[in-house]
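Two forms of a single protein chain come next, each set out by itself as structure tokens; they are called structure 1 and structure 2.
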Structure 1
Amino acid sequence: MSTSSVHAWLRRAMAVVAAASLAGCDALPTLWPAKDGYPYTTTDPISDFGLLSQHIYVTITVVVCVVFVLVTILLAVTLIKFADRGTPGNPEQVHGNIAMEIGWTIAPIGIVLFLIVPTIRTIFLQQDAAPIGAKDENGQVLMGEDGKPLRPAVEIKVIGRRWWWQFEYVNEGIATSNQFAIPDDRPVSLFLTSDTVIHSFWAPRIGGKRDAIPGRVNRIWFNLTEDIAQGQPDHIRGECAEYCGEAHSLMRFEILGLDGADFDKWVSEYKGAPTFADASIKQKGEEAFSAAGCTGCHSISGFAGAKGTQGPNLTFLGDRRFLAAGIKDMYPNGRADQATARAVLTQWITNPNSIKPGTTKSANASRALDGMNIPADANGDGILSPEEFAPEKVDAIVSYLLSQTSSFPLQ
């Protein structure tokens, strides 16, 4: 066999393997799809970033399973065939076989080479320079007449706190916490950092995780690949994947995947302040909010007195479905059931540690930087008792926060 025909054979073999693994990729049914009740699934990605991982995930899984089956068969045959059946004498004393051993040294090297090439390719694709705007089919950034990208990338700074997330839209000047929105028609670029301990940002359906490390900024970027219909947002869930202390398992977040036009509308609404049908709700709420000392830590757009940054930004809290960083569902029976939402929020305000252990400890530690304590909690037990703060004032705060909705509440 001449060298060129060996090359041809190798090329053909590679092509067959590549085609088989790609076909396997498409043919394999998606295990645990999100729509069947697996909101954190890693096998059903909806972004280019996640799909890059997915392709190699499937390839390596197939290879690994084939190897496993072959080794298991070999082992089983050996055990059955050579079980001691009481025949006298010792078996032939074979000390080894150099050719075979070289063979099974080279075979795994071949498999490793087969797997490492697409791995490295994917690594570089995933960590390429972040795109500045939406691209056309040829991979060229779509430019407007002003020489700027037609649909520029949405840049979001993600900050891990103990134990919740802050999201800051770099160009839009919007800040939200524990829930944010992304469009389906332009790139999204995340700047991950932390001002406490190390956290890890992981929305499995979007793709792999990246750590949010104090003193550093990590980046991931992606384009949603699913086409989200107008008025039908996708609810994408995420969680903190790096152990970050007592309530680590209770540090999740929600992403609202929006159609491009919807996203622009969401941005314009969130740039402004919430509007209130009943002005007295706002007035009474702001009074109570100030009286309890909430303003020391929390910000709310449209409320000049609330500019705190130690705690989550509470603007448009009525849009959120989950409290306490993606933990407590306020609307288990749908949006119509406001009573449950009020009860949950009341519990969260008056006894937060019952929902998330360690909350008060952590909040007090943050506030200690400013030399403050939670003012309404006079005895410092982490519970806002009726003696410390009147229940009707808590009610006023609950009404005030839950009435702040935009056109995009999370269903």
Structure 2
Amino acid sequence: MSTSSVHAWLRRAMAVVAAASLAGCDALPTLWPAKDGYPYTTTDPISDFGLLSQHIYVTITVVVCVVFVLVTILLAVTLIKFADRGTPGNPEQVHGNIAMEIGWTIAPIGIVLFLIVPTIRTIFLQQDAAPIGAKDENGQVLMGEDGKPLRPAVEIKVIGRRWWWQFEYVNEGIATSNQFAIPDDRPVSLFLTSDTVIHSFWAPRIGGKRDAIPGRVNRIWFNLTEDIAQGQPDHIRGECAEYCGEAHSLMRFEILGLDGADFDKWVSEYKGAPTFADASIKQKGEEAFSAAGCTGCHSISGFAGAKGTQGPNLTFLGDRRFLAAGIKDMYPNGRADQATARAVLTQWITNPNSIKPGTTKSANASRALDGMNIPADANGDGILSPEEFAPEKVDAIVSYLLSQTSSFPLQ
């Protein structure tokens, strides 16, 4: 292959890469979309933060594929053209080609520069200061007459616990566990930290990972790029991506993407207290909840006696499809299947280690570090037997927790 042919191939390859880069991710089909059963897909971003990373990945993938094709073609041409055909004597000796040597030195440098410039730009964009509120089409923050943003950014403190997630809304004054909601019409800013060991917050459709480190706060901010229909929440799965102990692989969470008006309604409901169609369920449930010592670790809105902070907030637990930090599906056959939900929650209350290893103090002595004693059984074997706590009281707690639902249950 002549030098001019090589240069022609390089020009075509760079043209393809440039076209793909300018076209962006939207011009390419989505591989493994979330709606087709891939909840942890990295190829279907739903935020501007994720799209920035996706753009880099697409560009690098195109460049790598073009280089691979070029090298393969050159190798094939070389093998064919210079194959030993039995001709006597030594082959023609080549002692250098200045043009080609300069070319294959400059080409890799050019490719690296082509990739490093947008990569550095993306790094700075993702580390930039979070906006204070939603912006208009000109990139200006929408301000009210009082000088405050019309739709201020939603700030959420994310705390990695062992082995579950706590989410505290800074300005709204509410807290949730293992599930939280975000709006599609204003920025979301996450403040990531941990209480004991290092975790890593990762929601693949939102974007890259960020470590949650004790004594330090890392940040992620983003805007949802999907216009979510009112009354049709999007469910975004996430998990811990840093080994953090026995139940590391069982530490997941779910994000509820909501229309802006739905998010405001969701916040309003969480600020209030769950309502019960049957007052006796509330009364018996709270009595049993207190008798079992659950109030020492858990909090529930509207229940004055339940203000614990060691364990997850259980407000509107009946909304959540998954139990134990996203591990156990309470509704595998749909939300109408209350029998399965009751069985799963009963198992979790009486024998949590059977669902999530390392949860009980009997199975993990290090639980003393975070003050957990689950369940509060008499003999310390990690199983709440009928002799230690009456089944009817367990049933009362199950009914009480599953009866707590808002307008936005997870599907």
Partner chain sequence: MSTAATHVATHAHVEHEEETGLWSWITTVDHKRIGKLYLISSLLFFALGGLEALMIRMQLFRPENNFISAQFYNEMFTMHATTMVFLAIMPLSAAFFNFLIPLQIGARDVAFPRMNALSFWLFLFGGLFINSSFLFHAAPDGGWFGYANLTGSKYSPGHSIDFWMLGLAILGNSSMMAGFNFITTILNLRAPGMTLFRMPIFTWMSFVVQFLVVMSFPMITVGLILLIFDRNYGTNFYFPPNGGDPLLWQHLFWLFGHPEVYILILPAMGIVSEVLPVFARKPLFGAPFVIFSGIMIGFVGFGVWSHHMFTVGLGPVADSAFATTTMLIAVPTAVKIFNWIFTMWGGKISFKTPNLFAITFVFLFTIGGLSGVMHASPPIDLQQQDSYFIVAHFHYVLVGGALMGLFSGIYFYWPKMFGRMLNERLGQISWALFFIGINVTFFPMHFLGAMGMIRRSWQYPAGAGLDMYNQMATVGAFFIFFAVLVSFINFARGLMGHGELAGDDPWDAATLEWSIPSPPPHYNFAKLPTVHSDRPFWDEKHEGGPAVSQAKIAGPGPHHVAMPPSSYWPILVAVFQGLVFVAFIPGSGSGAFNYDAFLKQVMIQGPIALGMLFCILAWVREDDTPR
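Rigid core here is just the name for the largest C-alpha set that superposes within 1.5 Å across the two forms. Being a predicted model, the structure only gives us computed values, none of them experimental. Counting starts at 1 and follows the sequence of structure 1.
- Note that the form predicted in complex with its partner chain is the one shown as structure 1, not structure 2.
- Two rigid parts of the chain turn against one another between structure 1 and structure 2, and the hinge residue out of R161, A306, Y57, H248 is Y57.
- Two rigid parts make up the chain, and between structure 1 and structure 2 the smaller of them rotates against the larger by 12 degrees on C-alpha superposition.
- Its Cα shifted by 2.5 Å between structure 1 and structure 2, V66 is reported here after superposition on the rigid core.
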